[in-house]
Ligand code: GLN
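Given next, in structure tokens, is a single chain: the form predicted alone.
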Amino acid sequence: MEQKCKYIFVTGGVTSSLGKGIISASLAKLLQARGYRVTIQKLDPYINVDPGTLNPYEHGECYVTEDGAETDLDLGHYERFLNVPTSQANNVTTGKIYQTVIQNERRGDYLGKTVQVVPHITDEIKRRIQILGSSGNYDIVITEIGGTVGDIESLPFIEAVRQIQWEMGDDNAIVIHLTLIPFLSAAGELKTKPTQHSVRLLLESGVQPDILVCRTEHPLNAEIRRKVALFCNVNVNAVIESIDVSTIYDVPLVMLKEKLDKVVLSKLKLAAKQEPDLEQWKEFLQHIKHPKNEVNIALVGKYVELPDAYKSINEAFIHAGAANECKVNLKYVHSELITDENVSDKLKDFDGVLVAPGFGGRGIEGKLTTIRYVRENKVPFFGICLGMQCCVIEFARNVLGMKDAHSTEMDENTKFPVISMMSEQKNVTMKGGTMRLGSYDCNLTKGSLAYKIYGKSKISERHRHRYEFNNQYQKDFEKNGMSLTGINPETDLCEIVEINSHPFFIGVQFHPELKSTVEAPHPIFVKFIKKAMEK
């Protein structure tokens, strides 16, 4: 008999930001290492259809999948841990659910019926949860539910979980509840009451957690584990300690030590096929914790108050650092605070500079000043998306003499529109999901820096933009030392620019950080760090 897909639901309680995404990704990594085909999806309770229109200050970075879905940044963790791409189906929002149900109602699918949260909204949630499982590609689907138990907006998702558990049975669908056991310094002890209240809230919705993962700053002794188990109605071995660690990449090993994967497989009545082989993972951690070298890198951007706005870039530097056995000290530098007068003071101590992606005109002049400084002073430079566009604008202004050169995103009437809106974007009026999104091919010029980095002439990378290099100016740039070394074969869109006379100067229109994983660090980041080490 063919093995049916099993489901694991991860909920959170007490407070947000406990790390449901990291626990989900760590468990998935362990199950994958035991020979199971695993994927993870995120259910987000907000009414936006996707995070594509959200300001990074609201929600951190918007992560883009191979097939062009704008998704929650947790999907980045899933891919970085599992080294398996996610898709449209891996991120579901309340907005998507209601949009579908309302479209169905308008089409007449529910003719004569009163459309309600139960059963219509919950049925659509269940359908979305099971899309990945019914594909036949996975043995186990882990579903992370955003927010915390008790949030009004999460209630339909929790009800859908209750129904799935009832329909499938305990062997096929289990719930892991991530909760907090805080340490009160005044009392000098850990407190279990917040966890008890959180589980009680879950029980009021008809859901009994099978496993509790307890975030804590201090180890849980046997007495506390027994108390939590007794009052939350779970087995003692299903009370899992998740103690604070120095890096998120420690968490799979912590969960392995706590036997989370074994408890899960036991609950799902699945065999522990093989002992997990995590040697490569341990070697990666060894390189992070015991580096032989150290470099200082400046990330120049305008969302620097919230590091989650650049989450994938930050993680890509960790991967690249490990590949070079090098500690990467990444410092965020606010582009709005950089001027011609202070740029040298702000950047003189760095071994390399990355100019970050973004939208809109705020902080642009600081990015242009930064790029002029690194170009003239031969500092290793890497520009991503808007960072690449800025190095085109800077080169046009200061090398080609086009003093008013700009992007039409910031100045519609610029005399020299070296960056302009893509032709297919000109009639687009809707904002959500309408940019150039997802994976596209790119041909590299043989002998170029990009070709040397990738070691091949054809690559595929992920995009998220509306504006592009204006090919009318191609000859001017090529003639004066900025080469266009990566071109999309279908649209002739410029993907990569380089300055040959510079030791390392590369700008890319795509987002390489989105494809960097623990097992496959992105080659541009790896070579950028290597060059920074040489400096």
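So that there is no doubt, residue numbering starts at 1 and follows the sequence shown. Worth saying up front: this structure is predicted, and the values here are computed from it rather than measured.
Another form, the form predicted in complex with the ligand, is not on view; read the next lines as being about it.
Enquirer: Going by heavy atom distances of 4.5 angstroms or less, which of Arg80, Arg215, Arg464, His406 would be at the interface with the ligand in the predicted complex?
Expert: Checked against the cut-off, the match is Arg464.
Enquirer: So the ligand isn't shown here. In the predicted complex, which residue out of Phe359, Tyr98, Phe284, Phe416 has a non-hydrogen atom within 4.5 Å of it?
Expert: Residue within 4.5 Å of the partner: Phe359.
Enquirer: Using a 4.5 Å heavy atom cut-off, which of 115 to 123, 323 to 331, 272 to 280, 385 to 393 contacts the ligand in the predicted complex?
Expert: Of the options, only 385 to 393 has residues within 4.5 Å of the partner.
Enquirer: Determine whether any heavy atom of Lys515 comes within 4.5 Å of a heavy atom of the ligand in the predicted complex, and answer yes or no.
Expert: Lys515: no, not in contact with the ligand in the predicted complex.
Enquirer: Whether Lys20 contacts the ligand in the predicted complex should be assessed with a 4.5 Å heavy atom distance threshold; does it?
Expert: Because no heavy atom of Lys20 falls inside 4.5 Å of the ligand in the predicted complex, the answer is no.
Enquirer: Does any heavy atom of His511 come within 4.5 Å of a heavy atom of the ligand in the predicted complex?
Expert: It does: once the ligand is placed as it appears in the predicted complex, His511 has a heavy atom within 4.5 Å of it.
Enquirer: If we check the ligand in the predicted complex, which of the residues in 512 to 535 reach within 4.5 angstroms of it by a non-hydrogen atom?
Expert: Heavy-atom contacts within 4.5 Å come from no residue here.
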